[in-house]
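In what follows, one protein chain appears twice in different forms, each by itself as structure tokens: structure 1 and structure 2.
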Structure 1
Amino acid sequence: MSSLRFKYEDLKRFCLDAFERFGFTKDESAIITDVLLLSDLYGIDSHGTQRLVRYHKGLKSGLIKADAKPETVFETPISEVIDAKEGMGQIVSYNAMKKAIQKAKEHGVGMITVKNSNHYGIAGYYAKMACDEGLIGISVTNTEAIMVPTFARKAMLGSNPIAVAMPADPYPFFFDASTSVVTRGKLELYKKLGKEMPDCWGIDKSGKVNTSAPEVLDCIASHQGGGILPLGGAYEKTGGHKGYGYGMLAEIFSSILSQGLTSDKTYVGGKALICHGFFAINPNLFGDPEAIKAHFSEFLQDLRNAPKAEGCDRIYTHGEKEIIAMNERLKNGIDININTVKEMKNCAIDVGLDIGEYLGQDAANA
């Protein structure tokens, strides 16, 4: 899998202009670009620039509506339910978390659910928004059903990530993980590499554990049963029912509390109509925020300082790897798969942009 390396600033300039050409305002384009590029910087390649082409397709086909006007369908001083009206996930989500932050600053807590939305990028982006304001941020979403509940053989839940961020020194706690043991992107990677999957990742259409990435991916695509397992695998013995439970929590705090579509009913006829949840909690509800932050930072440092397992030289706290990746990528650039670059080039042509002006001759020749 060859790739080209680009500077963060160059990718940003390209995305900003591309999303404007896709039909968004300058401000909206800046929001979407920031969500995508944080993902690239954090090393979560599956949710970064490589998604641009997929969003473009969705917008062109009308499955995602660039001009959607999300509506508040219910509101209290500390909560809100928003109908995204099939708009771009990043925009309704950014605005929802902004509102949750505002409520948490005024009243201690802000809890907002969203329905009828589209893919919103990395869940952690929105949790980080609250964290950057000194709050605890939580973001969840449901997705297309890919996760098979314990003892079932049909995917009923999405990858259903839960993200939580909280201020700490020298860097915040940032936890962003699917409640399925892995996401589809990991299976695609294993397929490309021809590697056998661990036996806690997937099951086939009969509900039996299957370690072949191509076979499980075929199952997902055919909607005839099979899919990815919850965190904890196929058995209660290994805790699969717990991962299934965490998936349910993501569902409760997105589709249930917005009365939107549950994962199993999304993406019918191509329309996502997925749901999100955004929660901001002010630590001043529990005392002096600086004292709480210091207490938390000390614990995180104790974790990093704990004795290492043989053969391991480092214990990470959540969010640390993302900071390391970001520093490295800001300095050395971001690698984009050559096939993705080709798609981006064609997409640029489609909207009248010359990708070479942004990303150089190698990209133009891709």
Structure 2
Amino acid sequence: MSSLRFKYEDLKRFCLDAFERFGFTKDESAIITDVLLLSDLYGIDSHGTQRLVRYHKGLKSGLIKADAKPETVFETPISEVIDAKEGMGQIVSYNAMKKAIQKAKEHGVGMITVKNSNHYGIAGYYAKMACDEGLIGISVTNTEAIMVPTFARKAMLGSNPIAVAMPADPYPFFFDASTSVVTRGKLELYKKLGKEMPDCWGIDKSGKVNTSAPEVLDCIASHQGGGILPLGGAYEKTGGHKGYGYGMLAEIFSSILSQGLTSDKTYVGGKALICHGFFAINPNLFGDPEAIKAHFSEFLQDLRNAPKAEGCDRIYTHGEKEIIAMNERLKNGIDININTVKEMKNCAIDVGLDIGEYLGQDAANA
């Protein structure tokens, strides 16, 4: 048995209570849970409940401070810099995007950067927040250094995702992708599954391609060389320099503008201190928002209607597969890797919860 299937509502109830036991308020637990479970619903399994054990360990070690009080250190009518004070990434990020949305509604654009934070889940969650309010949403973050720049053999950049969401019919445009070829979470899943990685994902400390997830993860943890490749892989001829450049864009709009730590200086001395960026743009800066939405929707439909490649019967636009996955998982349940279930069980035991009361006997016996 490689996985167990659970109902969304059961997972939600478990996560809500678990995060309260971790030291968060009801409202804070609801925010964190919503971010994690949207990831699972969207099929982004590397950033959903798979991350619960990471947050539990971070709270116990002091990496994450549940009682942190973020502070605004710079502000204008359209921008702001927030010091997260080492708090939970999802909480400061949710509130930062709320501020960006408010500024965009009042002034046309809102731009918030955050420093001294922790892992915030999927970047797309925060872009979606703005999109749900009729705005264009953008979110970026840096992370612990896992990405090796083109022609280097040591990780210097994070997975540094870029997410953009924009209103459209019949469903919004939703793009969320790391600028590394895969995220660290994907390697963690391959390690749990005991699977060999594709040969375009990672290199070892000597700069040679390596298909062992445990070995590349060890390289990242040791900071002695090796890591995950940028989008495009190891070479300019395959476009690796473009992924490297996209990673730099995320760095500029998170750590550089906030004057926080760049990826290569994070996760040192028991502190994460990573940075995020949140941007909300009101389409009314360019005309009638509904007309812009209709224009964009027409183009997205043209893309879906484009001639299909041989053997292909469907073209997807960004966000379409996530909606399909969400509808299927809300109806039929969410599959969770058995090793992740074991981690969740151990977290539950540590805070005095019986996972079986939430997720059934199979989870309790995992």
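Computed from a prediction, not measured in an experiment: that's the story for all the values here. The term rigid core refers to the most C-alpha atoms you can superpose between the two forms while keeping them within 1.5 Å. Just so we're on the same page, residue numbers count up from 1 along structure 1's sequence.
Of these two, which one is the form predicted on its own?
The form predicted on its own is the one given as structure 2; the other form is structure 1.
After superposing the rigid core, is the C-alpha displacement of Lys99 2 Å or more between structures 1 and 2?
No: Lys99 shifts by under 2 Å between structures 1 and 2.
By the 2 angstroms cut-off, has the C-alpha of Val140 moved between structures 1 and 2 once the rigid core is superposed?
It does not, since the Val140 C-alpha is displaced less than 2 Å between structures 1 and 2 after the core fit.
Taking 2 Å as the cut-off, check whether the CA of Met111 shifts that much or more between structures 1 and 2 after a rigid core fit.
No, because once the rigid core is superposed, the C-alpha of Met111 moves less than 2 Å between structures 1 and 2.
Thr211: how large is its C-alpha shift between structures 1 and 2, with the rigid core as the superposition reference, in Å?
That residue's C-alpha sits 4.6 Å away in the other form.
Fitting the two forms on their rigid core, what distance in Å separates the Cα positions of Gly185 between structures 1 and 2?
Once the two forms are fitted on their core, the shift reads 3.3 Å.
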